[in-house]
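Next comes just one chain, in C-alpha cells: the form predicted on its own.
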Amino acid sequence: MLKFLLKRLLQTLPTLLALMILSFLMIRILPGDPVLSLLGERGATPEAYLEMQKALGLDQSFVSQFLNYSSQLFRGDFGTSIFTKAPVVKEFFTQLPATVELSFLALLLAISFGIPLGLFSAYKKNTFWDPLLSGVSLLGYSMPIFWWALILILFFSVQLGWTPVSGRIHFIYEIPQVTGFYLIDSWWSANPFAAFWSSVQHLILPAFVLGTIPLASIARFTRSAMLESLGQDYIRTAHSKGLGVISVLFKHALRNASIPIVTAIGLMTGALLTGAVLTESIFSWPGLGRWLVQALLARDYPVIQGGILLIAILIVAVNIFVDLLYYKINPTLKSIESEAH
C-alpha cells in the first residue's frame, strides 16, 4: 500500500504543476487591474500607479513574476493577499470550515437518498418505478443550481419563513472561533441550544441545494452498478439458496457494486468542494467559493493562484483517500498488487 500511495503522489505532481502554470497565466489574461482596484480611479495618478505596481512586483515580466511565484511555492509560501495583507494559507483555512461543513451535509444528504433511490430503481427494473426514479434523477442532475436555489428561497424562506435567506448564523449570536465549524462552536456560545439551532437552520437550504446534483449522480451510478451486480451468477445462487431480498441486495449485490459507487462519491466530494461557488454566492455563505469569487472580482492575484492550488491539493488528498478505501472494500486488490510485484 505504501508503494501505491507514493506512486499516486508522484502521479499528481504533473497535474499540480500544470494547474499552477494555468492559474498564473489565466488570471493575468483576464481583463482587470489589481493596482486600479487598490488605488481607485481618483487615486490612480501615474506616479502612484507605477509605485504600487512596483510594490506588488507587477512591473516585472511574466517570466520573472512566474519564477518569483514558483520560488515562493517551493518554500511553502502561497503568497499574501493584496487587499487584506493576510497570508493566503491563513485565509484559506479560515474559510475552509464553512465549505467543509456545507459540503459534508450536502454529501450526507446525497448519499442517504441517492443510494437507496438507485438501489430501489435497479431492483424495480422494467416496472413503473424505474423510469420514474430515473427521470427524477435526470431532472435533479440537469437543474441549474442558481435557479433551483432561488426557487427554494422564494418558497421556504420568503413564503413559508422556515429557513433564513443567507449567512451561517443569526447575527445576535456570538460564536467563539474554536474549530471554525459553527455546528461545534455554537456549543461554546452564551446560548448554545439556540445558537446550534440557528446554525442548523442556516445550513439546511444551501446544503440541500448543493447536494441535489450529487444526489442524482450517486443514484444513477448506484442503479448502473446494481444492475450489473444483480445480473451475476452469485446473485442467482443466493436466490436459489432461499436468501431474503434484503440480504441479497445489501449483503451480496450492494457490497460487490460498492467500488463504482465509492468512486462516484469521491468524485462528488471534490466537486462539492470546488462547485460550491454558486451556492455560497447565492446564500452569502462565507466559504472557499465565495472567497475565490471575491478575489477574482478584485483581481487579487495571490489569493486566486494560491486558493486554486490549495483546493487542488485538497481534492487530490480526497481522491487518494478514496483509492485507499478500495483496499478495504475489495481485498482482491491486495492480491492483484502482490502478484504484479
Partner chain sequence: MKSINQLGFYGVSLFVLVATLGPILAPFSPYEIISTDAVSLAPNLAGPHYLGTDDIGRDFLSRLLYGARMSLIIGLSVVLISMSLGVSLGIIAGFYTRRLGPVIMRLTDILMSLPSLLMAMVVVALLGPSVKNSILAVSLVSIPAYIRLLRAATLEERAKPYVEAGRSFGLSDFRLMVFHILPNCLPVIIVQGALGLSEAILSIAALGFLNLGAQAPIPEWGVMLSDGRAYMETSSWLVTLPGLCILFVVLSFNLFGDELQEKI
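What you are looking at is a predicted structure, and each value in this text was computed from that prediction instead of being measured. Residue numbers count along the first chain shown, from 1.
Here the subject shifts to the form predicted in complex with its partner chain, a form of this protein not shown in this document.
>> At 4.5 Å between heavy atoms, is residue 131 in contact with its partner chain in the predicted complex?
In response: Taking the distances in the predicted complex, the answer for residue 131 is yes, it comes within 4.5 Å of its partner chain.
> Does at least one non-hydrogen atom of residue 142 fall within 4.5 angstroms of its partner chain in the predicted complex?
Replying inline: Contact check for residue 142: yes, within 4.5 Å of its partner chain in the predicted complex.
> Does at least one non-hydrogen atom of residue 147 fall within 4.5 angstroms of its partner chain in the predicted complex?
Replying inline: Residue 147: yes, in contact with its partner chain in the predicted complex.
>> Is residue 48 part of the interface with its partner chain in the predicted complex - any heavy atom within 4.5 Å?
In response: Close contact is absent here: in the predicted complex, residue 48 is far from its partner chain, nothing within 4.5 Å, heavy atoms only.
>> Looking at heavy atoms inside 4.5 Å, which stretch does its partner chain contact in the predicted complex, given the options 195-203, 147-155, 181-189, 229-237?
In response: Selected range: 147-155.
> Which residue among 89, 100, 109, 138 has a heavy atom within 4.5 angstroms of its partner chain in the predicted complex?
Replying inline: After the contact test, the surviving option is 138.
> its partner chain in the predicted complex: within 4.5 Å of a heavy atom of each of 2, 8 and 322?
Replying inline: Judged in the predicted complex, none of 2, 8 and 322 sits within 4.5 Å of its partner chain.
>> Under the 4.5 Å heavy atom criterion, name the residues of 295-321 that approach its partner chain in the predicted complex, in sequence order.
In response: Counting only heavy atoms within 4.5 Å of its partner chain in the predicted complex, the contacting residues of 295-321 are 296, 297, 299, 301, 304, 308, 311, 312, 315.
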